[in-house]
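First come two forms of one protein chain, each written alone as structure tokens, so that there is a structure 1 and a structure 2.
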Structure 1
């Protein structure tokens, strides 16, 4: 233990001497946690709309007013022809063009039906699908409003109808920050463990101090622990800051046990730090270590379920997510923070991450060879 204590003193002194590294570890995650949740969201707003109104009737005006009053659409331009509206889409000045035909009000009154043409810019598929869904909902509501005005009350109420009442569990207000912030915090902790730790041993190689350590009687188990524990402590500190920011900046209070979160974090960090140390044992330069770490971090991020539900991924991608540690941490964060899940609910996640930690750290210890 005395040997380990001296190694930890050495590592902390190196970290605190490097002011840039200290800023990257402490300040960058805090700034990212304050910015990312406002940009990484599932809400689609400010959909630019081009209107082609050939009817200019009271019904078409009410319809257009109802669209813009929803708050999801902004006015791009009123055009006299669909050709002009289509040119706005081609120049990316409009996302959707609506053409209201002549006789819109007359056909609704006399024929009880009327078609409206929608042209959607589908370069951004998500924006196209969501924008079309918004318009479909608005048109359905507009139809119901017209029907309620035309049909007599007693005849209208006599028709059978199914009434739907929904209840949103765990996130009643459907606030996307409640869903995104825990996942982003898990990702930022992974960045510290995966990238910063992977540069540690490689830095010793580049400055030449690794040769001085290799000729000492220090066992490589103690050497690996000395490299791992400082970043484990700093990542835990960053996680604590992240929870405080979540509480005071976003109003997110974990519904489950804080102790359970820290218990899983402790095991998770050993797995991620073990991966970083393993990368550093295979790398000769910091550039190599950074490239390899960045590759794995990007794969972990995109296949973690942070932005895309794992259930929507193809079968081969689901198999990869089974070996993705970030996937399990994000799931545990959301389960404990939002649902108040207990240890029994996340016991499988504990087991998987514990096995990953054992395998990665054992591999790192075996792969590191002292040379004289």
Structure 2
């Protein structure tokens, strides 16, 4: 036990000696947590429209003003020909081009039928679907207004209308920050713990000081634990800062128990740090350790469900997410913070992370050799 105390003292000194690094570890997550959640808005709005109005009638004008009053669209430009509108799409200046043909008003009234042409930039498929959906419902709406002017009330009413009311549970105001802040915090904590830890042992290898430790009677498990605990404490500290930021900067108050969050965090950190150590024992230089942990952090980050839903991934990718510790942490964060889930709801997550922690740390201890 005394050995461990001295080891911890040594590690803390090393960490606190590098003021630059310490500043980075503490400041960068705070800054990022304050800035980036604002960027994460998925909502489809501000769709820019290029309008080609060949008709210039009162009907086409009414139609155009109706579109812009909906609030989803912003105005790109009026162009005189469809070709120019197409150019705007090509230059990313417009997302949708609308062409109102000549005789729009006349044909609608005389022939009961009229077409409108839409060209949609569909590179972003979701934006295309949702944007045209908005437009289609505006057209339907406008259509029934016109019909009301021309046809007797009870006859046009025959069109059946299905009304959809939607309610959003757990985040009724659709506040994107509530969704992103817990996830980004989870990622930042992982980044700090994982990277710093993976670089640590290999640094001693590269500088050569590991030899000095190897010739002492320090037992492997103490050595590993001594490497692990400082980062565990640091990551927990950063997590606490993050919770304070989400409380005071974003007004996010966890619905569930904070104790549960910390309990999960403590097990989770052992898993992540164990993984860092494992990488460290396998690499010879900091560059190697860095490239490997960079790879895993990227995969963990992007396949965690933080940005894109796991359900939409192909089956093999879903299997990968089953082994992704960050995924479990983000899920637990979102469940506990937003939905107030209890221990019972996240017990499966606890079990998986606990197993990962045990396996990774045992592996790291076994793989660390004091002799070459």
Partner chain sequence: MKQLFSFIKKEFLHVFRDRKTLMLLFGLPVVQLTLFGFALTNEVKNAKIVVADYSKDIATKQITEKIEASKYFDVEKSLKSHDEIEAAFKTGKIKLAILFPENFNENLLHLHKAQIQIIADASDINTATTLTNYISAIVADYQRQLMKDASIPLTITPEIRMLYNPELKGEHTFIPGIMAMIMLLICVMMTSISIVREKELGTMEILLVSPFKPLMVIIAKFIPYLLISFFNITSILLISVYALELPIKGSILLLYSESLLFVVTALAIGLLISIQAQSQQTAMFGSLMATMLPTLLLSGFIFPVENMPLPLRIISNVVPSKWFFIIVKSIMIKGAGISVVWKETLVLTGMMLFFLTVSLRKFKIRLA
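Not measured: the values here are computed from a predicted model. Numbering follows the first chain given and starts at 1. Take the two forms, superpose them, and find the largest set of C-alpha atoms that agree within 1.5 Å; that set is the rigid core.
Here, the chain labelled structure 2 is taken from the form predicted in complex with its partner chain. Once the cores line up, the CA of residue 70 ends up 2 angstroms or more apart between structure 1 and structure 2. Once both forms are overlaid on the rigid core, the distance between the two CA positions of residue 204 between structure 1 and structure 2 is under 2 angstroms.
Here residue 142 counts as shifted, since its C-alpha moves by at least 2 Å between structure 1 and structure 2 after the core is aligned. Summarising the core-aligned comparison between structure 1 and structure 2, the C-alpha atom of residue 113 is found to shift 4.3 Å. Relative displacement of the residue 104 Cα between structure 1 and structure 2 on rigid core alignment is 2.6 Å.
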